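The chain that follows stands alone, in the form predicted on its own, written as structure tokens.
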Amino acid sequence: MKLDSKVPGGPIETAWDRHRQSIRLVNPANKRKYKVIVVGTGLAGASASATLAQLGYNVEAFCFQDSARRAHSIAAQGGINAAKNYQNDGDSVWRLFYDTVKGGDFRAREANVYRLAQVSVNIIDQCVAQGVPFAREYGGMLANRSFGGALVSRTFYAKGQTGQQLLLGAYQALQEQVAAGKVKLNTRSEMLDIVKIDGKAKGIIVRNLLTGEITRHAADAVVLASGGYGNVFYLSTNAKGCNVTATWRAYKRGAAFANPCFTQIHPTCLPVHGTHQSKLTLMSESLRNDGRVWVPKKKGDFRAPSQIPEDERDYYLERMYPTFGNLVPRDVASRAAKKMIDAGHTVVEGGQGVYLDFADAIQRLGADAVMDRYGNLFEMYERITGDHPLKTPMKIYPASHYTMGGLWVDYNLMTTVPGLYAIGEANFSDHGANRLGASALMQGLADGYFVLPYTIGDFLAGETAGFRDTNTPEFDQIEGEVRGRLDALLSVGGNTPAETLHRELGKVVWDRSGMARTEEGLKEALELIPEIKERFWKEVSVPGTGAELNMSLEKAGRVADFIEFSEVLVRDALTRDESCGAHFRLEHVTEEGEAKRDDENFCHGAVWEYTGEGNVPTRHIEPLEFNYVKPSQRSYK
């Protein structure tokens, strides 16, 4: 497998502009002849579909929700980064680039990250023009707040509903093109496989989730915007429907998967509260602007927070990282919380948790001002726990949240399968081994609005327009395989729900490849996962038929993919014999307890190639060069 990143040479500051000027273009009149399939309608997918249609392409978009508005992007809370420097606090494109490369622990492609920082300034203008109601200062200027891993305020926000408001903006742009007849939107439709013709992605096989009908769809190019794979851990902040199926099926058709072990743990989530819990709830990182994280200094001190005096509290982030304090990056904050809990300083009797306290902010700003900033988050917390953060500190603990790994893409966002693109969280992204808060929305919209619409033309310009033929041997073969897989799931006839097996898989992967990893634990996981896979295909219960609404069948298919994918994730974590960002191997820790990188042997992206059922995948590498931000030991002290 040849990995050509297509990164432009020359100065990084002008690389994107020079690249846009050098790639091939499609005549505006000819764009009407091409069709592009987009799988997923979150921020990346909706913005890409709308923009491609506005340019003149014909677009067919798919989502498994009943509306594009229900994509998981809606759940993002805290904000979106952009190097506007509205606060005049020293921010710049270069500073955002630097913070992102450093935050990812020097495991991202420099050119991509710089482009992301450049494009960020355009995203805000685009969204304001769409009517996104960003928070504003008293004088009318857009407001900013701070997020982890940065010493400047560059995060634009709409209370704690930023993802929802941004998605509504992209959704309106998408619906405008639907009304214009340039986008055909298919809801309640799940992509189950990729179809290649002459080695190029030319279509997909889809199941209608309401009727069970299997359909074929052809196009000149295919774009995957299907999100991440965080639900491999079962308990995560992701919506229950989020899955790995689209990218995993693409992987099995030849699209390489990069850095699957780079999974982000969010430090500000509600703690696990029972063995039958089905998901976890995110509390925005923006809360760490005004909230202070602490635990009792005395182990096993379960007194009410109001009864624990200041001198008996350990504000451990402020103690350990005096420069950044409560605004250290997510991987650092998560490990610090785990360290305190492992030492016995939990605030949840019989469980795990630390306090996030707003008492100082309330005293400094007043309750009304604090509620104005975080009111909807406080309301959410109260509805779930029964406690109000104005009266008692929140209880929080880290949880699986985002995935930095994904399908490998080049500078044009194309995978190793020609004509198949991956955008947003579906690709291995620009975040390296750890994503800074408020950068997911930035990347999704950057890919969809400003990068893919330019770069996809470079491929289409070399293709004969108008591919629509689904009556080919290739479509026959892939549809037959899809039907065979569905029939296999329906015919197992076991008594164990797929949900039960998913929970079991998630515990294995979380315990051995979650916040902390060891060689021994990862090898154990590689022994346990095949056992779960074998039991799945003997015991899973899938009642009903395929020719109807069958949520058990949906779930079983997704769990089967998670089981297969988890082996690659764990194998990637085992072979990356270093610590970096959110990938924390306990064998590689600095004297101060931080992640210890091995730049000599692992300064690269790990890129996995499928080699057949039951075979160990082949590991390739993409060397990473750092000519502008020299790798160093990360320090947020």
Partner chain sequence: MKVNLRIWRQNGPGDKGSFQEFPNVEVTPAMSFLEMLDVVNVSLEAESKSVVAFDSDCREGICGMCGAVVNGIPHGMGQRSTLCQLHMRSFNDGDTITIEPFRAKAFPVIKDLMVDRSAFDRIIGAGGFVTARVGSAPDANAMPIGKDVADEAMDAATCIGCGACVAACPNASAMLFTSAKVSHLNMLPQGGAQKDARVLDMIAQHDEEGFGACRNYSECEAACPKGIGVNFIAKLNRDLRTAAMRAR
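Positions refer to the first chain, counted from 1. Keep in mind it's a predicted model, so treat the numbers as computed, not measured.
Below, we turn to the form predicted together with the partner chain, even though it does not appear here.
Asker: Can you work out which of 194, 206, 498, 244 has a heavy atom no more than 4.5 Å from the partner chain in the model of the complex?
Answerer: Only one option qualifies, and that one is 498.
Asker: Report the residue, out of 215, 518, 281, 392, that has at least one non-hydrogen atom within 4.5 angstroms of the partner chain in the model of the complex.
Answerer: Looking at 215, 518, 281, 392 one by one, just 281 meets the 4.5 Å heavy-atom criterion.
Asker: Among 112-120, 541-549, 345-353, 481-489, which stretch has residues whose heavy atoms lie within 4.5 Å of the partner chain in the model of the complex?
Answerer: In short, 541-549.
Asker: Whether residue 189 contacts the partner chain in the model of the complex should be assessed with a 4.5 Å heavy atom distance threshold; does it?
Answerer: Residue 189 lies outside the contact set for the partner chain.
Asker: Since only the chain is shown here, I'm wondering whether residue 58 would be in contact with the partner chain in the model of the complex (any heavy atom pair within 4.5 Å).
Answerer: The answer is no: residue 58 has no heavy atom within 4.5 Å of the partner chain.
Asker: Does any part of residue 577 reach within 4.5 Å of the partner chain in the model of the complex? Heavy atoms only, please.
Answerer: Answer no; every heavy atom of residue 577 is more than 4.5 Å from the partner chain in the model of the complex.
Asker: Answer yes if any heavy atom of residue 30 is within 4.5 Å of a heavy atom of the partner chain in the model of the complex; otherwise answer no.
Answerer: Because no heavy atom of residue 30 falls inside 4.5 Å of the partner chain in the model of the complex, the answer is no.
Asker: Taking heavy atoms and a 4.5 Å limit, what residues of 16-54 are near the partner chain in the model of the complex?
Answerer: Residues within 4.5 Å: 51, 54.
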